[in-house]
Each structure stands twice: as C-alpha cells, then as structure tokens.
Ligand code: HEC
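Presented below, as structure tokens, is a lone chain in the form predicted on its own.
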C-alpha cells in the first residue's frame, strides 16, 4: 500500500468517526439521486443543477469505494437541506489545495472570479478517474479540452483579459498537439509545461515558464537539446543576465511549435533568417546594446545562399546550417562550427571536398569590412564592364531602332 493510499484510508476513517453514526449509506442516497430528473430549482441566473448520480460511473471512479458522506460530510439524515456545504477536497488533498491557492488559479479565488476553476471543473465530480486513465478529464489526451473550458472560451478570455487568446487552438495544430491527440504517451501537454495545481505566471521566478526556467521545462523531453543550448552563446548569455538572449520559445514558438520541415514553421529552412534570427540580429537596438553587427542578416540575404533561399531552393544553407542550431558558439571557440579550424568540415556538409582555400570566401560581406585590394579591383572591373556592355547595348539598339524607322518611312514614301 502506497503512502498516498494510506493517507486516504486514514482520511476516510477520520471522516467516518466524525460523521453522525446514523447517517445513511450510499444505497439510501441513491434512492433519490439515481433519478436522472432530480435537480435543484433554477437559481437567479436560470441555471438548473442536476443532482443525478450515475451509480455505475461513480463505482468505476477513483472514489468508487467511498461513502457519499465521506465527501458530503454535513449530511446527517437521508432527508436533508438543499443548500449543503461545498465538498472540501482539501480534507484529503490538502497538498493540492495549498498548491492551487498559491497558483494563478488561486488568485482568481482571491478576486472571487466567476470563472474560478475549482477541483470539479478539471477533475469532474462523481466520475473522477486516475490521470493515467484515457477517459480521465486530466489524462494527457483530454487536457486540451479540459483546460479549453476556460482557455478556449471567448467569453472567459474576454472577461479575464487573457494575454494569449487562442492558446488551445494553436496547441492542437502544433506538433505537441498532434502527438497528444493521436494518443502518444510522450507528447507534451498542458501540465507538462505549465504544471498542474501549481500553475504560475510567466514572470514568477518559480514558474516553469519563467524565462530562465524554460530550457529546463523543455529539457524534460528534449534533454540533449537543452544541454547544447545551455553551453551555447545564447544559453550562457541568458544565465549571465542578458534577458534579451533567446530561449526555446523565442525560436520555436510557444503553443504553436511546428515541425522544422513544415513550411509554416518558424524554424523551417526558408523562415530561419527572417522569423528566428532577424528579430535580434537585424535589430539596431540589440546591435548597439550587445556589440553585434546589425548588417549580418542583410548580407546573408544578399549572398548566394540568401538569394537561392528566397528563390525557393530548399537545399541551401541557412543561418543554422553554418552557425549551428542549439549549439551556437562564438567563432573564437574551438568547438564552434564557424571556428577557422572547423570551417572546411562545416562547408563540406553541402560542398564535398571543400578545402581550406574554399572557406576563404566571405558569406557576410559588409561594405568596407574584410575587403582586400584585389576585391576592390574585381568590383571596379565588374561595374565598369556592366556599364560598358549595357551602355553599348543601348547605343546599338538605339541605332538599330532608328534604322528600322527610316526604312519603314522610306517604304511608305515609295509606295505613294
């Protein structure tokens, strides 16, 4: 018998001792509550609350072995008042109640929000099942629907001014949502990222989605990627206090994470430079603050690789192809893919037999930076040739057009 089971048994025995000795059995309760039409009178809002208890569902629930009065402890006789005290789940689940009280949902209780998600909203009432049961309201597959009672309800979203308006819809289209809805036991679902009873605001340092904690949260499933990220220039900068440094969700998204081979994904080859790297590496503010070169993204777009990518070529190098993805390091680091000693190998991924001489060409060629005398001569030669050739073509075509016009006029004159 586990500690949790023993705790529940002690709890039930305690409740039995403090409950009136002549209180009725479940069978007595079901004499009335087995009637599907049994309900409370409509309240001031016109809402009718069913009092029907499905004996079979209750028997199959996690509380199936309990007596009704174990939870409805203020009932002393089969004939009782309609306005009973609310069931206090904290009599047995005090740890969960404490966690909820300190959570973002607990703050709803402090403000007496009408949308407060109490225990029954998430777990059910007489039909509560273990979370590993596929039919449980809090099973991995069902969590999006359960959380969606509030987080996909436009009225609740508007009343409470939720920052993310369509979190559930985005999740269901994501790779995590697709896997969860297909029944995968390994797919990340709501509680894996946000926690269960202890859901906290993103700005709370104890929150699983606080910026400094996100890599740890994602690392529950993506451990090797987490380790690479933490030793990268982005991971170390973030831990050193550079709050602008990106973490997992800055590149992959939050609820809308898609496969890299999905054309709509932020991390697809076509979108990396524009959607992932540009927001930081093309930002003048970020460049000034951290000593970056804001022209890096532009020079990539103007390079052969960038032009080919924009032209629709899938098999072309993007930022991650050269710099790495989660393991991005400064070029001065011997482990970096763009360290001078590793460039031939990095370029060789696409260009077999790439030599050290091959790597001397610059990808990010900024005007006035890394230029040589020879490159200046080559540029001047090409510009001169373009001017001469195009100029000659214009002059040639001009003379040719003038000759044709004279010929046409002459034919018309002789025809007269």
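Numbering follows the first chain given and starts at 1. What you are looking at is a predicted structure, and each value in this text was computed from that prediction instead of being measured.
Not on display, but discussed next: the form predicted together with this ligand.
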- [ ] Would you please decide whether residue 313 lies within 4.5 angstroms of this ligand in the predicted bound form, comparing each non-hydrogen atom pair?
- [x] yes
Task: Proximity of residue 225 to this ligand in the predicted bound form, heavy atoms at 4.5 Å - done: yes
Open item on the list: Given that this ligand is not shown alongside this chain, does residue 259 nevertheless sit within 4.5 Å of it in the predicted bound form, heavy atom to heavy atom?
Closed with: yes
TODO: Classify residue 51 as contacting or not contacting this ligand in the predicted bound form by the rule of any non-hydrogen atom within 4.5 angstroms, answering yes or no.
DONE: yes
- [ ] Check each residue of 131 to 153 against this ligand in the predicted bound form and list those with a heavy atom within 4.5 Å, in sequence order.
- [x] 131, 138, 140, 143, 144, 146, 147, 149, 150, 151
